[in-house]
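This text opens with one protein chain seen in two forms, each one given by itself as structure tokens under the names structure 1 and structure 2.
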Structure 1
Amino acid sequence: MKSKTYHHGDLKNALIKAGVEILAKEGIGKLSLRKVALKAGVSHTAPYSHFSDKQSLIAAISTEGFQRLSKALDSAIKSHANNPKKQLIEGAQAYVKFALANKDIFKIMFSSALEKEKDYPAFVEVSQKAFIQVIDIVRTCQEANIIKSGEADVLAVIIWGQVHGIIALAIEGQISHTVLEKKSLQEIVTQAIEQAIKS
């Protein structure tokens, strides 16, 4: 797809790509600017031509993560255009699937920029986009009388938080084996959502 014209050329994206790979293969603790530079075949100070500091590279990687997540949500929404309930359940499944397939990206997405989040407009934009997608699903469900009426954004936070929390606990290994032997993460999340729908 992409022309490999870096070394000279598309270094910025090469660095992000290298970062994503290190995250996937070696985990969050091994991600360093120097290693990313090495992997891209440039000197260890070259990244500073494209990112002001390590935080800035992390912001770019997180942004990439949110883009993928947003795409997965979008695909779930479009695959079930006339079935709000299915949109909600499959959207949540897509969220679970993304998190489990990209554990370290998922972690960095929800644990880095923090206060300085606002310093990275691209990050803010795409993370808000994901949230809006969730709100839209909730709103559609409300219109279809599947979810009780009320402020959609507050309900969206509650539903999103529910899905997010179960996954976060699972990824950190906080959910006991005895529970996971009974039900898979996917099943637990689905059960949680069906409970939210019923009321």
Structure 2
Amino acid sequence: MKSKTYHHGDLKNALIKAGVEILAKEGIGKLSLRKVALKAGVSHTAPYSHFSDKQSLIAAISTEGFQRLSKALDSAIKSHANNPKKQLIEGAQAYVKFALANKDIFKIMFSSALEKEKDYPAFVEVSQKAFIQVIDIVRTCQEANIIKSGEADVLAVIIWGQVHGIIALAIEGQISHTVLEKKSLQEIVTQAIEQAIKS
């Protein structure tokens, strides 16, 4: 009976969700299409209609994650179309919110679990899109004289790396509780962003 749930096109999403849960709880070594099928409540051959192997499932999980992240960044940018500084700060906050709401997918997206990224064009396209969105925010801020001039892609890496690093530390429980008692993760990220902004 349970397999009938997936006759309307959501089998792929059910398999992706099952894959995320297995990766989060048991790690990459325990992930298999058979195990994913069992968790999703479908036959052990069902996953092969969407995924050729474990790597293609990991690619789909990562692609889904970057699509959600890109959508969140896009929403933050469009909500503050006439305020580049707000775009930068709210873009960073959108990144924080996404990471905290999707910790398991977030970890997979930025892990080495996907071995041959170039074999998955959809993943490459959407992951590059997210980075281009960050570059565009940086360029807009440069044009408005909000952050210093320089190569926009390099500055984008520096800003993204700073925000990502703070979030990664938080997710792994590596930020001291004494710090988090003073400031929320969102406030820490905003402070990091403000350091990149011209005074």
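This one's a predicted model, so the numbers in the text were calculated from it and none came from an experiment. Residues are numbered by position in structure 1's sequence, first residue being 1. Superpose the two forms; the largest set of C-alphas matching within 1.5 Å is the rigid core.
**Q** Between the first and the second structure, which is the form predicted in complex with another copy of the chain?
**A** Between the two, the form predicted in complex with another copy of the chain is shown as structure 1, not structure 2.
**Q** Two rigid parts, two forms: what's the rotation of the smaller one against the larger between structure 1 and structure 2, in °?
**A** Comparing the two forms, the minor rigid body swings through 29 degrees.
**Q** How many angstrom apart are the two C-alpha positions of Ile16 between structure 1 and structure 2, if you fit on the rigid core?
**A** That residue's C-alpha is offset by 2.7 Å.
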